[in-house]
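Single chain ahead, written as structure tokens, the form predicted alone.
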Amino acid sequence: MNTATGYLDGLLQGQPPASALSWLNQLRANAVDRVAALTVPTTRDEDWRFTDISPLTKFSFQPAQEAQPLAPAAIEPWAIGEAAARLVFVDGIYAPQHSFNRSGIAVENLGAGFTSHAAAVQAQLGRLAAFERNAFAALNTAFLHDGALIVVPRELALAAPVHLLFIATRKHAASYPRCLIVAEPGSKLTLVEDYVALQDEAYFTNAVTEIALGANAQVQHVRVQRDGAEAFHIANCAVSLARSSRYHAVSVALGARISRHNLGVLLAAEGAECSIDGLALIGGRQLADTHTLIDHALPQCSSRQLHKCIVDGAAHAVFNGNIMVRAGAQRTDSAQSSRNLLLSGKARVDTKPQLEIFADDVKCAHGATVGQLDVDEVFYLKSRGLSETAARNLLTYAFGAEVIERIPVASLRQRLEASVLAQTEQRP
């Protein structure tokens, strides 16, 4: 068994070869230095006190050296018909034969973007998702090679979504998905970031996404995590909003044995707006942890957040949502809600909404609820002819559907609604 102290060093094996770009080599080297200085977080760390990831260290995960060949039919279950572009990565390796781009904008493998969009990439890559104190972000940065690059030109509104599909096919493999999205001033983009699996053995996904919005830009970001039953999934997403830009995120977590999603949103200029919706639907012995930070750095910004957890079996959900209002960020308008549904006596949820306010002219609110299904609502549905099981399943589905209904891509929304309904109907 690997110890937590040396475990990260072991994961560094199999790094990509040196690049011809000196700045990229330096970025990787800086990340390697941070990996060497950091350790796997434990429950003794405040940000991880509810989330024990020590089972991760029992495996020796290594990156795949070549992509597993997949037939087109293997991709079809996750295809999004509305997509104007799709990038597919198999075990972290770019699969051009399954990718396409009919969008008219730059949607390409990050490896090619290092040269084709050198200025934009160098200005943003590794700048938003800081890795100085984040071991997993540093590890991802050390493996910078393949990844997704999207650059939306100024004033261009792309109506159809862009689909980034990451497929896990091999047990005991490590992958390091990297996404960089640059929305130039006045542009619009709908992005689907999608993690799926073709097998249920243990593997490790360590993802980092960076999104930079220019002035008046709009990004709708849908993130779906439906990894295999024994997978480990750790993700960091960092978003920066310029003046009067708008960011809307919907995150759905259904899979993985242990998952952790860190989302940081910086409202870096006046008039910026964000809304963040999340749903974790877990059972068995799953653990799903969501940590968010919405940072109101300047005045007249607004944020909304709704996070829901449905927890069955002996599963454990964690939510820590921090809203920071910095000194001088007057006329901030922010609201946060954490709502949690426990479906069994062994299910557990730890929820911690937080407000840190250093300005006096603000409008901020937060709240959290943890409970079981409302007995009166169950009774009402039974009085209309439903069995108790059907009534409970319907109420559970409705609880989660409130978040899924906010996904702006119709085919994906319908598919996830069917998945949630199927999971609720599996309960006795």
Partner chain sequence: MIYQDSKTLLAVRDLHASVNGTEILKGMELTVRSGEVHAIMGPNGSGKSTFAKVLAGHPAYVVTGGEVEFDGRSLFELAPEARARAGVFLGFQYPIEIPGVANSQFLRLAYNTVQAERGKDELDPLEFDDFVREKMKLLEMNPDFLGRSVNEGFSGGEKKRNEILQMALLEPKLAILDETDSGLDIDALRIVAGGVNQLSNKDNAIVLVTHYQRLLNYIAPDYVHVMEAGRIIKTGGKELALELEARGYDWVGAEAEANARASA
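Positions refer to the first chain, counted from 1. If you're wondering where the values come from, they're calculated on a predicted model, not measured in any experiment.
If you look for the form predicted in complex with the partner chain, you will not find it shown, but the lines that follow are about it.
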query: Distance check, Arg44 to the partner chain in the predicted complex, heavy atom within 4.5 Å; finding: no
query: The partner chain contact at Glu66 in the predicted complex, heavy atom, 4.5 Å; finding: no
query: Close approach of Leu395 to the partner chain in the predicted complex, 4.5 Å, heavy atom; finding: yes
query: Contact label in the predicted complex: Val32 to the partner chain, heavy atom within 4.5 Å; finding: no
query: Which of 36 to 44, 56 to 64, 381 to 389, 360 to 368 sits within 4.5 Å of the partner chain in the predicted complex, heavy atom basis; finding: 381 to 389
query: Any residue of 289 to 306 that, in the predicted complex, places a heavy atom within 4.5 Å of the partner chain; finding: none
